[in-house]
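We begin with a single chain expressed as structure tokens, specifically the form predicted alone.
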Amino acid sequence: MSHSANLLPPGNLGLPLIGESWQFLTDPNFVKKREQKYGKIFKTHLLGRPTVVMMGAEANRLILSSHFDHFSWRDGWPATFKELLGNSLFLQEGLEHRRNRKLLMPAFHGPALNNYIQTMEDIMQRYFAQWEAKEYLSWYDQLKQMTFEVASILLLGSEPGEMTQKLSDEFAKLSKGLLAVPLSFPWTTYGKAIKARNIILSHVQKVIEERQKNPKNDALGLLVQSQDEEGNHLSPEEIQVQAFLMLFAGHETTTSMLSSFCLALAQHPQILKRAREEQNSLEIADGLTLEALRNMPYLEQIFKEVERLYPAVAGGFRGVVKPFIFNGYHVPANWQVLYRSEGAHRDPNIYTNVEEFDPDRFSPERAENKKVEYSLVGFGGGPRSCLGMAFAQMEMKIFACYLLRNYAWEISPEQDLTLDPIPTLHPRSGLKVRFNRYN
């Protein structure tokens, strides 16, 4: 890459002040249309700032890894994210981020994961029984309740019941506010999101105070006790905001991926059949273990294909703190960049038949994602890849194991299965299904 160029990428900054934000938020093909017109890099104006959209695996590598120091996470997200999610790991940078990520790590890896399996199984089996009794349900909302219960019980030590349901409802209001017009009046979407944030934070604070008096072996208990080599602990305020983020991140994206998984298998009966056959061949009699979950190669391929074709989050914003050149174009400091997963995930130079749901593309023989680095980035990549990835993958596999072995589901006709991307990818009609025991 030459640093002599001073040519801005092609594109259109749109209207004064608002740019092309409205089109970006309402047109699911916004990026695709402009990519066809301008190519893999183009300029626009989104959410209050001039923006360069960069597409493809090489763009992912530059933003997530090789030019990591050219970007700011905190400056890359709208003010609504900062106000609603607080100064959590999501927006921290530099030494502060590295220190806190290290302190949070034990709650999401190694022995902690093993301790979570039984609780996940118990919660999921209870939901499966409820769904079987209902027979007809709107599955997306139910999956969101289930994943929130998993997150709140394992990460905060909550008990299932009325408070968990209330917190789940409050998080739904908060999610709707992330990309809303930031008007804080009580009747606005954003005002309701602010109120929801305050309710959740108040609850989290009470739980932290209780946990400091009576430590438990859940993620919050690990956070309260966690310390680095120099004996530094997270402050109560830091624990509050990190626990809040864990609850948010611990269920929103997992719900999206599980609903896409269920939708895709219902639409591809041969893939569903193979997935069932793999489960039935494993002969797991004494409950699931981490080792057993690692020994499900076809299920692993299916989830990678869900990640490729239906990423829960479409990409990520970063603030540009140092200018750089990409594809011969100059990207100035104080702008922002947006990388889009689909730029690599649907690149025909990397993946064959990109619109086809084909888990075999991830088989050892084909391994299409190994051709080019950063060609599969549903969980991010580089130094700031998703901290909870192992937690989420384990949760999804446990769900899939019980679903595939014991239950059948059919998509109800006459519903809109269009996938809306905000706040995370989800079927517009909520994925209405008929659910019953598999014979």
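Just so we're clear, the structure is a prediction, and the values are computed from it rather than from any experiment. The first residue of the sequence shown is number 1, and the count goes up from there.
From this point on, the text means the form predicted in complex with a small molecule, which you will not see here.
- Among the residues Asn369, Ser259, Gln336, Thr253, the one placing a heavy atom within 4.5 Å of the small molecule in the predicted complex is Thr253.
- Proximity to the small molecule in the predicted complex, defined as a heavy atom within 4.5 Å, holds among Phe379, Tyr38, Tyr402, Phe30 only for Phe379.
- Taking the partner from the other structure, the small molecule in the predicted complex has a heavy atom within 4.5 Å of a heavy atom of Arg318.
- The small molecule in the predicted complex comes within 4.5 Å of a heavy atom belonging to Arg101.
- At least one heavy atom of Leu64 is located within 4.5 Å of the small molecule in the predicted complex.
- Contact between Ile411 and the small molecule in the predicted complex is not found at the 4.5 Å heavy atom cutoff.
- Partner contact region in the predicted complex: 305 to 313, out of 305 to 313, 180 to 188, 351 to 359, 272 to 280, criterion any non-hydrogen atom within 4.5 Å of the small molecule.
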